[in-house]
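Quick heads-up: it's one chain on its own, the form predicted alone, in structure tokens.
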């Protein structure tokens, strides 16, 4: 398998902050748009910058270490700065800001996450590691791949529907990651446009809040070519 990691030539962030300081829009800083947001929007968005390794309130220390490693692995966050995905999930669960639905065969979201943590540690133990957090990257990747494919067995996975568990976990992980302003810099998103609004200026033209792309390698082509699927 080809070496994992970003493609050669991927830009370093020059303005603002992006996860791991790399992306396609190196001069885009969505926070430069903050003066265009109304006060409520500005308060909500800027609060996300302050969730930096907070004391966890839903998960204990061991669960937190395992789940933070899981979040970083599935989102390929292998160096700083990292979006604090687990901190954002923990805050959401603690405050009861849930999705408004629950699968009939799944426990409450917080309990599901705790079971996932236990199941990941059990899977890492089968690879000779003390815990998922203590496992090397290749073991973490193998375990996450088996989790996504529904191939983990025994222990927790005999009582928790693995497909549903993966869906719930990744729903929360992806929602947290892409609600953070650093991720908006990475993807060139202009952020909230209230009350300013969006302006479509014509075919091929961008809204004033959107960024110009400097790196055009298509990941849908690059990833399978490099054998990183």
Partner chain sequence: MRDFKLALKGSVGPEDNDSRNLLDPHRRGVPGRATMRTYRDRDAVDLVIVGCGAGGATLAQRLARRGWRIVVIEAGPFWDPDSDWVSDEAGSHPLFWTQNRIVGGEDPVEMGKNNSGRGVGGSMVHYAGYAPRFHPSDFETLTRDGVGADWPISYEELKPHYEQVERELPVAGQSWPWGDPHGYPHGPHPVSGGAERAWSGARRAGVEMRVGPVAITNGAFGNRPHCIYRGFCLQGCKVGAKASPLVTHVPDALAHGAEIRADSMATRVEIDGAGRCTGVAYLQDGSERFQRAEAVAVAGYSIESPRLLLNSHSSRFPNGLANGEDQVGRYLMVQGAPQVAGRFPETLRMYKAPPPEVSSEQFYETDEARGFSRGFSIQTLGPLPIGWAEHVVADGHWGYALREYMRDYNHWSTLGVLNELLARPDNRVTLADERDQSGLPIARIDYTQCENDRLNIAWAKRKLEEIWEAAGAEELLTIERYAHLVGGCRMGDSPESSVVDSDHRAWAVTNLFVADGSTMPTQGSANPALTVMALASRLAERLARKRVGATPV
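Positions refer to the first chain, counted from 1. Here the structure is a predicted model, which means the values were calculated and not measured.
The discussion below concerns the form predicted together with its partner chain, not included here.
Undergrad: Given its partner chain in the predicted complex, answer whether the residues 17, 47 and 136 all have a heavy atom inside 4.5 Å of it.
TA: No, the candidate spot makes no contact with its partner chain.
Undergrad: Report yes if any heavy atom of residue 187 sits within 4.5 Å of a heavy atom of its partner chain in the predicted complex; otherwise report no.
TA: Output for residue 187 is yes: heavy atoms within 4.5 Å of its partner chain.
Undergrad: Might residue 130 be said to contact its partner chain in the predicted complex, defining contact as any heavy atom within 4.5 Å?
TA: No, residue 130 is distant from the partner.
Undergrad: Quick one: is residue 36 in contact with its partner chain in the predicted complex, heavy atoms, 4.5 Å cut-off?
TA: Flag for residue 36 set to no.
Undergrad: Within a 4.5 Å heavy atom cut-off, is residue 150 in contact with its partner chain in the predicted complex?
TA: Contact check for residue 150: no, nothing within 4.5 Å of its partner chain in the predicted complex.
Undergrad: Please identify the residue among 99, 111, 158, 126 with any heavy atom within 4.5 Å of its partner chain in the predicted complex.
TA: By the 4.5 Å heavy-atom cutoff, the listed residue in contact is 99.
Undergrad: For the stretch 55-83, I need every residue with any heavy atom inside 4.5 Å of its partner chain in the predicted complex, listed N to C.
TA: In sequence order, 73, 74, 75, 76, 77, 78 come within 4.5 Å of the partner.
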